[in-house]
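Read the single chain below, which is given as structure tokens and is the form predicted alone.
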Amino acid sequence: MKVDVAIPRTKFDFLTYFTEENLASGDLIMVPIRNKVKYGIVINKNSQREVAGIKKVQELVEKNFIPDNLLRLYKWMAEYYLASLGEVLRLALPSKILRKYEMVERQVRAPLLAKAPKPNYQQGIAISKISGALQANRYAAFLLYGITGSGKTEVYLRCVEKVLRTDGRALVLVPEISMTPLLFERFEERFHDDVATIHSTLTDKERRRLWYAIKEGKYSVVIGPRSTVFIPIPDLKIIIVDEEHDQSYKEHTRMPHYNARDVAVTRSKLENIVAVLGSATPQIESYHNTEIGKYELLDLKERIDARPLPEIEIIDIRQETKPYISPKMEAQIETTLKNNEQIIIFLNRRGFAPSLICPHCGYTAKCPFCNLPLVYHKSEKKEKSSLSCHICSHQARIRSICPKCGRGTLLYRGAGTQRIEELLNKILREKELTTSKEESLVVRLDRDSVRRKGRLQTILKTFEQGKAKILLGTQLVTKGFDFHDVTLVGIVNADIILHLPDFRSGERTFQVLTQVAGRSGRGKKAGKVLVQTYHPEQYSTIFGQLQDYARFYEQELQVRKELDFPPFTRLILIRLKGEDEENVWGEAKKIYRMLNELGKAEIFGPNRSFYYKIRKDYRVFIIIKVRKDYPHRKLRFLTNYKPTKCSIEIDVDPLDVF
């Protein structure tokens, strides 16, 4: 018998082998390829494919390793995202998972359901509608749109509880590993030891054993980031995607560049189960899907216990003479701390200063590889301070004399979280709100401060216990935290994302403003938000002030319609990169000509990427705009195209178009 076999980490959809065993789709086997023996998944038995030199399957490792519904999902991903099945399996089945293992027995017992708070009226409606679909054992996709603090997590918990009472299982996706412990605690409080969380920070041994335990049905609730969507879970009844708008659900670095939210919805459809997408700021495409009937909209328009949304005030920093923290924000910080309340300060830029320049000759310290300004990172020990490229991680020594004109007047321009931290501590000392230089009331939460394992939990615990009064950070501080003593949120500069050359920049600005503003006033005391901006008239800022997603959506959708951008069309981005600049452009023009011959597609480019050079690679992109029903098979030739001396990436439904 001949079988077609997909092999992870290859560019092939499948290869054909001969076997004397009775193999079936989904079986895990060992097969020879070139001079090695690799794991493979049978995707088709009784193959009729005629090829020369067919080799023999070496070993059957495990029967029914991957169920048919997941195989269908992997095939859909390969077709939709214009990738090979081998590339899909590389992400779905990491090589360390496939190694043989010794299973640890786990005592399975019924979950202990903790006492739950009574849902309010709107939560009750949402729970009832989702429960109806669960009871009917049918596919249904819901968008749970709830303002910040409206109790979306309680809706998740109630629906999972109903699934568990009928011996089903649930999968809960979160955007990032840093978010997993927060949601895990809420689910563990309710369902105790029947909850598992799996992610890349576990050791290989821990991750492998947990993966197989989940596959064998030893946990009823599985929580994890985007790759968790691929795990085989028996009797799966519901998939929940929390913060469905988050960019972390998109795989940016490896092919295929899938979006776990869309994969989750497709998996739900293939397995005939329920999908719930939750967000206070849904992605435009998701909300549009509720209008065209693909999803059912569930609204949570009020906060728990009818708590009011925070008052939001816009500060036009064009009119301010004091840099970075305006007098109005400074005064509000003082008032809040004197009331023994807590504050979150947001700036989406890490480091001390984003550029080092000479005011006399205009010299700017730049990365020698990427030609982008180097960011100054300050250290307590001066010799450890450095200039860093945030794109390629190049490090350079600190300069005190301009290498161009020889003057010793180099200036650090702009502010990152380190500079704001220093400024806040200075303000607290001047206002006599702190008595010790050693014990700061400010804790900083950004990628630099949480590099060491366990540091994230330490920072959050310090703030939660009230030992620190100000939490300063980047987008990490917007990730669903629920601190009841926070009554003030200060946004240092709302315009950073808005300046990106991308049609989604307005949407992202609105999402970030709304999410970070939602951290204020979640307890018994009313909240306030101060938004500093150079563009107070820009509509995403205005509607962020109003917390009015519906009006923002209406305005944004009109812009998208005029430009004929998603959700009205589909974009596919082709990016080429290589060390030979002329060759990269030559290959890009060649692909552009081939694409132009297809018809029924608009082709834009080739263009320079926003980050044109990263390390030694030049980057050029082409955008394909097609109608939603455009058949992807017309573009399959791109998966087999091998450009000369450069690489090619295909990104279907890109979140960044540069």
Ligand code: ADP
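Start at 1 with the first residue shown and count on from there. Being a predicted model, the structure only gives us computed values, none of them experimental.
FYI, the form predicted together with the ligand isn't displayed, but the following is about it.
Only one listed stretch (575 to 583, 365 to 373, 311 to 319, 145 to 153) carries heavy atoms within 4.5 Å of the ligand in the model of the complex, and that stretch is 145 to 153.
Remark: Asp482 counts among the residues lining the ligand in the model of the complex, judged by a heavy atom distance of 4.5 Å or less. Within 4.5 Å of some heavy atom of the ligand in the model of the complex lies at least one heavy atom of Gln123.
Though the partner is left out of this view, Arg522 does reach within 4.5 Å of the ligand in the model of the complex, counting heavy atoms only. For Lys118, a non-hydrogen atom is located within 4.5 Å of the ligand in the model of the complex, even though that partner is not displayed.
Exactly one listed residue, out of His192, Arg307, Lys294, Arg455, brings a non-hydrogen atom to within 4.5 Å of the ligand in the model of the complex: Arg307.
Among the residues Arg399, Arg186, Arg407, Arg429, the one placing a heavy atom within 4.5 Å of the ligand in the model of the complex is Arg186.
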